[in-house]
Each structure stands twice: as structure tokens, then as C-alpha cells.
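Take a look at this single chain, the form predicted on its own, given in C-alpha cells.
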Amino acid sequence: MVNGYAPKTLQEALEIRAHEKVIPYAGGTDLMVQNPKNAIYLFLNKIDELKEIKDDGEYIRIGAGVTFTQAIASDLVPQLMKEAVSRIAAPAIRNAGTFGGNLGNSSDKADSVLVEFAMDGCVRLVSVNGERVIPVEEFFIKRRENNLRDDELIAEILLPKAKCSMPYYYKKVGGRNALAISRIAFAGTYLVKDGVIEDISAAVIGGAAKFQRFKDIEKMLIGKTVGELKANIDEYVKLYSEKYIFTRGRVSAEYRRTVCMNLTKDFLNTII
């Protein structure tokens, strides 16, 4: 028998979260696999406040209870995010899986979180004592570890609108063509005006226990001309490769490094 609470409002959920030791449950696509013993769940799937997608002028705000299927159908969600989540598992999983769950589960292979990293996304965390908005990069510490406090819930994912409209790059490499967990996935955005790189960001998953992004290299590329990038592309790929951390998993660290370097070069060639 499944034990838990099924609040209908966010405030009711926060009161329960503040006073009971419960596990937040949205779509359950990850939790049901883990199946923690004697778990008491806080079912969030009846809370309409968590299922909204909004444009506030500065951010596209995706509620924690928004499913991947809902996001794919939305005119507000950026195409980069749609492309990433459209490749998550099968339709049944996308119909149930949520953005809050994908982030809160803190898997190092979470497809939507990769895009949030690449787009400088933030997460709004709420409790009975108030709220805080922090970068996703600060929230996600490493595999299975995050900054969610015991009395908090994930309320929204915030994607900067400036990033949402930029050209993007996305590639996912898995063990098969469908229903695959990422071995390596790469997401990036960029902006070129009058032949000069004005903005660039990129993130990769699958190499280590956390997402990898190197803002110092991004800063180095901003202000460079497309011609300079083209002339020195191998040097920039080398700079990235020297920083990537790779560990052995189902495939070798050497395989991960080779694939990641190829994706990095492909991304930079896209800008050219």
C-alpha cells in the first residue's frame, strides 16, 4: 500500500512538507524505480499552481509539475528544451515525467537539466518561510545530491528569455536510437552579430558525476570574430578537452572523451 498525502494547493503541500518527513512525488517515473522502503510520499500531481508555463518578460517560467509532453506542446518553451525532452524515453514516460522531478532526482543524465545548465537557468524553491531563487548550477551539486532543504519544494524552473531565442546546438548520444539514456549529451547556445560572438554557452553530461560547463572558456570566446574562431578552432577544442573530467561507466572514459571532443568541435563549427 502506498502511504502519503495528496494536497490540492501549494500552500497545503508546504505545510505538510514543513511538519512531516515526506518524499515529494510528481510523475514518479524515477521514484517508482527506486522504490524507497516505507516511504511516505507528498503527491504533487493535483496542484494546478505547479503545472503552469508563463512568460514574465524576463524569464520563461516552467512549473515543477509541468510534464515533458505539456512542454513540447507549449508555444512558450524554447525549441532547445523541446528537442531535449522529446527524446526522453517513450510517450508514456513523457506524459508523466515532470521538470521538477527531473531536477529533484538529480541524475547526472537528466536531459532537461542539461538544457537548464546551458541556458543559465534558475530554480525557484519555496517553503512556509519564504522562497529563494538560485542558479540550477548551484542547486545541482552532483549525482543524487542537491541543495533542496528538508522543508522546501521545487516550484519553477526559470529560463532567461534572452537565451531562449538564441540559435542552439543539441546532440544526444545513447546506446540505441530510441528509449536511450544519454551516454553523452551536449547542449549549447550562441549569438553572433556582425561577425562577432556576443554570447556563447555550452554544457555536457555523461562524463562525470555532474554536469560540466566552463565559463572561463566561454568568456574567452566572447568578443572573438567568427574568423578568429575558425582559424583557432582546434585550439579551443583542446582547451575544452583539457578541462573535461571523464570516468568509466558502461563505456570507457576514452570513448566519452572522444565523443565529447567531437561534439564540442561540431558545436563550434555550427557557429562558424
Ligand SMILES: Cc1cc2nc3c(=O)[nH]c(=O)nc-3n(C[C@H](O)[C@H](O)[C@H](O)COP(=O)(O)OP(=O)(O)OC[C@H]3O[C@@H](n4cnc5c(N)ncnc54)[C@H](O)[C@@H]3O)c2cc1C
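All values derive from a computational prediction rather than experimental measurement. We number the residues from 1 along the sequence you see.
Below: the form predicted together with this ligand, not depicted.
Note that among 193 to 201, 73 to 81, 99 to 107, 161 to 169, the stretch whose heavy atoms approach this ligand to within 4.5 Å in the predicted bound form is 99 to 107. The contact with this ligand in the predicted bound form, taken as any heavy atom within 4.5 Å, belongs to Ile23 out of Ala253, Ala18, Met261, Ile23. Judged against this ligand in the predicted bound form with a 4.5 angstroms heavy atom cut-off, the residues Gly28, Ala89 and Ile154 are in contact without exception. This ligand in the predicted bound form is not approached by Cys122, whose heavy atoms all lie more than 4.5 angstroms from it. For Leu148, a non-hydrogen atom is located within 4.5 Å of this ligand in the predicted bound form, even though that partner is not displayed. Within this chain, Leu44 lines the site of this ligand in the predicted bound form, having a heavy atom no more than 4.5 Å away. Although the partner is absent here, Ile60 is not a contact residue: none of its heavy atoms lies within 4.5 angstroms of this ligand in the predicted bound form. Annotation for 53 to 69: interface residues with this ligand in the predicted bound form are Ala64, Phe68 [heavy atom within 4.5 Å].
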